[in-house]
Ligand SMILES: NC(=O)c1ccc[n+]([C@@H]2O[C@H](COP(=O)([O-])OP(=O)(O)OC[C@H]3O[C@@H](n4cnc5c(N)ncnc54)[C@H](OP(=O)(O)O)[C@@H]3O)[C@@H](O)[C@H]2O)c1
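Just one chain is shown here, as structure tokens, and it is the form predicted on its own.
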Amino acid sequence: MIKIVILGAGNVAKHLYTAFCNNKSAEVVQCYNRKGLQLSSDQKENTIIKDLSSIKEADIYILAVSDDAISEVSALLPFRNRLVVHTSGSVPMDTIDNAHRKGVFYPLQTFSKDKSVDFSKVPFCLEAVNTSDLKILKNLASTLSEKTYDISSEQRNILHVSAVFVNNFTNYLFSVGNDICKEHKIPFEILHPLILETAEKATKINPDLAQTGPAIRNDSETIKRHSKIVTNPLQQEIYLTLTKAIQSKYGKKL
């Protein structure tokens, strides 16, 4: 049984807590956050602390805190030479205080408050200073998912940039599409099958081979009509910028 302490009370902390509570190979012995908040409605109060001086001994301490807080919180931990890991996609492993054995336990997924996560499909990017600690992290990650990867801090930062493009930026574009539909009183749900097909296609074939639309066809008349429909200046700028980017990549001209 791998004993875990989770530090933090955000979405990642809550989802990891739920996942480990349903895990027969791991046990969350304690959770810490400054306000003493529950990570789950059925969490026992005696497993929550808001004072680090009463932190329990565990095999792994998971810092599921904001990127800016990793250095500060790790420096406040009242022990030395225990395995302390963070869950950030972009923060270097060395940000953890030198008093500890350092590692990274990064689940590459988007986490929302009210949306459950199937961790069996989540890739875990792992890193540790020494091989024995990396083995511990692999053992822990494998209790949740079959997809574990040895990823350096540099590689993880590159992955995080890519993740911003495929997740954060695309979700913003979904919101723009929703706004345009709402403005013209069209149900956004009509686009749901297209969104799902686009995402699934990107996992089946090279995205370069899946590119369609007026930009790659160099359909200038359609592009002009679209730019008139999109009256919001920022949305229009985004439309034209992405059109130019697609045409530049695939050798088309406006």
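Since we're looking at a predicted model, the values are computed, not measured. Residue indices: 1-based, along the sequence shown.
Below: the form predicted in complex with this ligand, not depicted.
A heavy atom within 4.5 Å of this ligand in the model of the complex is found for one listed residue only; from Leu191, Ile49, Ala210, Ala69, this is Ala69. Between the options Ile151, Val73, Leu137, Leu83, the residue in contact with this ligand in the model of the complex by a heavy atom within 4.5 angstroms is Val73. Though the partner is left out of this view, Ala19 does not reach within 4.5 Å of this ligand in the model of the complex, counting heavy atoms only.
Contact between Val65 and this ligand in the model of the complex is found at the 4.5 Å heavy atom cutoff. Remark: Ser25 does not count among the residues lining this ligand in the model of the complex, judged by a heavy atom distance of 4.5 Å or less.
Although the partner is absent here, Ser132 is not a contact residue: none of its heavy atoms lies within 4.5 angstroms of this ligand in the model of the complex. Only one listed stretch (106 to 114, 124 to 132, 180 to 188, 137 to 145) carries heavy atoms within 4.5 Å of this ligand in the model of the complex, and that stretch is 106 to 114. Contact residues in stretch 15 to 36 (any heavy atom within 4.5 Å of this ligand, taken in the model of the complex) are Tyr32, Arg34, Lys35.
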